[in-house]
Structure formats: structure tokens, C-alpha cells
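Only one chain is included here, represented as C-alpha cells and corresponding to the form predicted on its own.
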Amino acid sequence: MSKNIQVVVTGASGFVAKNVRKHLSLNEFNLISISRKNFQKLKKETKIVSSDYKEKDILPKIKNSYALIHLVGIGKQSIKNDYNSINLGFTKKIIDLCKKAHIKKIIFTSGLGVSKTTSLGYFISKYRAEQQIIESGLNYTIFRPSYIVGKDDLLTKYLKNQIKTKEIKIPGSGNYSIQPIYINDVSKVIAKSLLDNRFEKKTLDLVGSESLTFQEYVKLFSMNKIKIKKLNLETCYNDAINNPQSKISVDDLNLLIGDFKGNHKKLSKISKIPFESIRELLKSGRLLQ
């Protein structure tokens, strides 16, 4: 059923997009993938590298595509790229492209914890982007992901680098919980949302079935073989604010200790896919390979 269905993917060089593109390619979707950075082209894929997503370079190539998967976003601000310009402003640009190209469906990744009552800048920008999509008149599916984990996600890379030092440092008590989801499951869910009308005009938490404390996650990840050092939370925030080289930003800390919970049952009921146990994934050591 996916043969000859053309799908556009933005942010093609990113971790999630790489895996989603690979899954879609294996399932015989025709892909038009766009990124600011160069990336490896897959089978049945049109590759577009555009530093600023210029309409004249993109629009003629994406016209009349079936859907667009919007995976561009930032989780850390800088002078050049802030939340409003990327998470909000750029999403508006993509919505306009969809309309001009006669693309009727958009799939968007927001963030777990996004709501109309939030006070965090990251979440505010994502919430406003969601509202732009909902009010656009396009068919849509909005996913609010927790930590999406695989061999190359940012959290996994961070922990692997910590393991090399023979000590994993975690902010605060580590008793705050996270609800990770495996990248292979994410790819399956996004692919299914393209064609399954149960996903139409839905906002869904993209989360796994299990909540783990961060300390438990780190212990399982490291196979209980690496010493864990708990850092004073105030010290972590001070470093994040004052040290440009800090590996963890203020917003990273806010998201990590926010203890956000998602509705996995709703996702499971709509998607009808068997989700991988994160505990079993960690125990297997596959993320360390």
C-alpha cells in the first residue's frame, strides 16, 4: 500500500529522521528528504540540501506529495537560533510550504510536557507550533515524544562518553522519572500514522510503556558496572548557565527533572504495534554496541 506514496521529511540528517527515513524506504515509500546539512541518500529518495530551506529550491520538488513529516527543532537556544525562530517560526514556514505544494497532511514532533499551562520557553514555542498546525486546516498528527533512545541519540552518546571516564555523573538525586521509547518503535508509529485514519487530527504522547527513575535507567544502561556520582543540582544549574561548554543546558535539566508522564495506553491502542520493553533493551546491552 505504501508503494508510490511520496512523503517529505524535514531535518533529514537528524537522529530521528535518519531512522524514520530508513524505515520508510524499506517499506517502499518514495522520499523527498531535506536538511541544512549533507546526508546519505537512500533508495527511492530525492535529496535536498538547503541551508535556509528556500522555497524556490524546494517547492517544485515536493508538489503534490502525500504528507510531510516535520522533524526540525532545537532543544537548546543560542544567539543565532532561538526557540521562537526555529520551533515556531520555521514551523509556520513549513505549513506555508505544505499549502503551496498541495500537501494535505503534516506530522509534527513536539515534546512530552507541552501544554497550554507551561511556563518553560521550550514548551511554549512547541505549544504555539502545535496550535499553528491545528489551526492550519491541514490534516495532522502531533506527537509529544519523551526521550527517544537508540544507538546514536544524544542521551546515549552522553552516557557512553561518561562510561569512558569510569564514572557517570547525574544531576541531583536521580529519582525523577523518564518514560523513554525505542527509536524503532517511533519509526513504526510515524510510518503507520501516515496511512491510518485513526491518527487523523490527534495529539499523542510518544512514550514507552515503562517509567524509570533516571538513576535506574543509568544503572541498567551501564549494566551496573560503572560508578554513579550524584551532582548537586544547584551546581549543575550554575554550570549550565555560566559554562558555554556545558554538555547539559538549563532546558535539558528542566526536561530531565520535570518528571513528565505520558499516556502510553492511548498510543498503544491507536497504533496497535508491540512496543519494545526499555528495561529489556537496556539489559541486553544493545545500546552500548
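In case it trips you up, residue 1 is the first one in the sequence shown, and so on. It should be emphasised that the depicted structure is a prediction, and the values quoted were computed from it without experimental measurement.
If you look for the form predicted together with a small molecule, you will not find it shown, but the lines that follow are about it.
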statement: Only one of 55-63, 258-266, 28-36, 237-245 sits within 4.5 Å of the small molecule in the predicted bound form by heavy atom distance, namely 28-36
task: Only one of 110, 187, 179, 193 comes within 4.5 Å of the small molecule in the predicted bound form by heavy atoms, so just point that one out.
output: 110
message: Using a 4.5 angstroms cut-off on non-hydrogen atoms, would residue 17 count as touching the small molecule in the predicted bound form?
response: yes
query: Taking the shortest heavy atom distance, is residue 141 within 4.5 Å of the small molecule in the predicted bound form?
result: no
message: Please determine whether residue 199 contacts the small molecule in the predicted bound form, using a 4.5 Å cut-off between heavy atoms.
response: no
field: Close approach of residue 145 to the small molecule in the predicted bound form, 4.5 Å, heavy atom
entry: yes
